[in-house]
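The data below hold one chain only, encoded as structure tokens and taken in the form predicted alone.
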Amino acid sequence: MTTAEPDPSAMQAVIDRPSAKRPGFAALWQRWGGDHPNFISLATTALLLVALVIIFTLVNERFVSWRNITIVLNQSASFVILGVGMTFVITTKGIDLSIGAIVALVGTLLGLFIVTWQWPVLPAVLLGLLAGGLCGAFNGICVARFRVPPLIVTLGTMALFRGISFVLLGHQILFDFPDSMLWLARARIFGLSPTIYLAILVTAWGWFFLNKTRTGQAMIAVGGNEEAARLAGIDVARIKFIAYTLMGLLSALATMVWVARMNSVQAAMAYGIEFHAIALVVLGGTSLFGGRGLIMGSLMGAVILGILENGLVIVGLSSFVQQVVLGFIFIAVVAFRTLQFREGQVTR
């Protein structure tokens, strides 16, 4: 009795046959997340936003009232604008700690121009925007041309711009702006204030600029690998200069919203908003390591922080406890995003 020789082609077919065991959901999600990191980051932020709304609604049903929703959106508008600018800066692997001082300086100038010297609103606003742009350009020149680390530059200009505000205004509080200035926050268009529409427009422009223009794509390239971007022919210094200048301009625009809401200015205004702006950008999925900026994520991050602050007030927590909660959340989010980034790099 002879034994049949095994067919080599049949054996190869068995070897090449895919395994019947399918990868688990976690493995598939991790693999897909490595290929689509932006979507995963945005989805995570959106889920957090929905979860917070549900939690605070269960705590107090007034949270989802139309009046409270508009309050949250109005309070978030200026931070949305700041978040767009900070997204540009962080995408280039930079940081800007001077935005609160820029807001204070621009607010001081607006108060002097409009309240003290009785200038018309339009030229005062234009000069305020110019001042913010110049502050951002100064940061950009120091970072891009003189190659001073962004942390050092903006830490210094934070003191510089704030100091100029105190020299000009001292401890005065200027208020009673004209209605044409306050219209931005007090008017209603289809039930919403113009500040909300302005924040939406800035967000839409920021998304288009970062994702659909050569300059925006260059910002991503510079943040991802500066040396590779330079070898590819990108003017790295110019791109960084543009990012910080836009940050200054958007800080000045956020000041207009701030003044319209508060109807007052002082040299001490906007203390600590740097932390708020950086937190919302990181919360939205923009990488602190540079090379990835999510404008829509920053929008959701601003709304999330607005919901947190509003919800904690409704719950009855003091402002000091709120700072503790926000600080803890910031550390947790940075740790989570850093881990997410590293896992994405390993997957790739």
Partner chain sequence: MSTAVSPQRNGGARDRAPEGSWRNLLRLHPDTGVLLSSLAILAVLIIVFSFTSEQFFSTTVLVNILNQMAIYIIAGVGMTLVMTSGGIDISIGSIIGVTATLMGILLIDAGVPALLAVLGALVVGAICGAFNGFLVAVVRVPPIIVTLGTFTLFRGIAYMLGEGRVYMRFAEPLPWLGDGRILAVPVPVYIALLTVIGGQFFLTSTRLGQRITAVGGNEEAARLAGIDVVRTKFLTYVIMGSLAGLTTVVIVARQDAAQAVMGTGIELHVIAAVILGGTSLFGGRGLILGTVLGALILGVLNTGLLLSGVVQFWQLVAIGILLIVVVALRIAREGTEGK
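Fair warning: this is a prediction, and the values are worked out from it, not measured in the lab. Positions refer to the first chain, counted from 1.
The discussion below concerns the form predicted in complex with the partner chain, not included here.
Enquirer: Could you confirm whether P123 comes within 4.5 Å of the partner chain in the predicted complex, counting heavy atoms only?
Expert: Close contact is absent here: in the predicted complex, P123 is far from the partner chain, nothing within 4.5 Å, heavy atoms only.
Enquirer: Quick one: is W66 in contact with the partner chain in the predicted complex, heavy atoms, 4.5 Å cut-off?
Expert: Contact with the partner chain, no.
Enquirer: State yes or no: in the predicted complex, is some non-hydrogen atom of V167 no more than 4.5 angstroms from a non-hydrogen atom of the partner chain?
Expert: V167: yes, in contact with the partner chain in the predicted complex.
Enquirer: Answer yes if any heavy atom of F113 is within 4.5 Å of a heavy atom of the partner chain in the predicted complex; otherwise answer no.
Expert: Close contact is absent here: in the predicted complex, F113 is far from the partner chain, nothing within 4.5 Å, heavy atoms only.
Enquirer: Looking at I200, L130, L160, V236, which has any heavy atom no more than 4.5 Å from the partner chain in the predicted complex?
Expert: The option sitting close enough to the partner is L160.
Enquirer: What is the one choice in F208, F175, Y271, W183 with a heavy atom within 4.5 Å of the partner chain in the predicted complex?
Expert: Result of the distance check: Y271.
Enquirer: Do all of L49, V53 and A218 end up near the partner chain in the predicted complex, with near meaning a heavy atom within 4.5 Å?
Expert: Zero of three within 4.5 Å in the predicted complex.
Enquirer: Heavy atoms within 4.5 Å of the partner chain in the predicted complex: which of the stretches 246 to 254, 152 to 160, 102 to 110, 226 to 234 has them?
Expert: It is 152 to 160 that comes within 4.5 Å of the partner.
Enquirer: Within 303 to 331, which residues have a heavy atom closer than or equal to 4.5 Å from the partner chain in the predicted complex?
Expert: If the 4.5 Å heavy-atom criterion is applied to the partner chain in the predicted complex, 303 to 331 yields F320, V321, Q323, V324, G327, F328, F330, I331.
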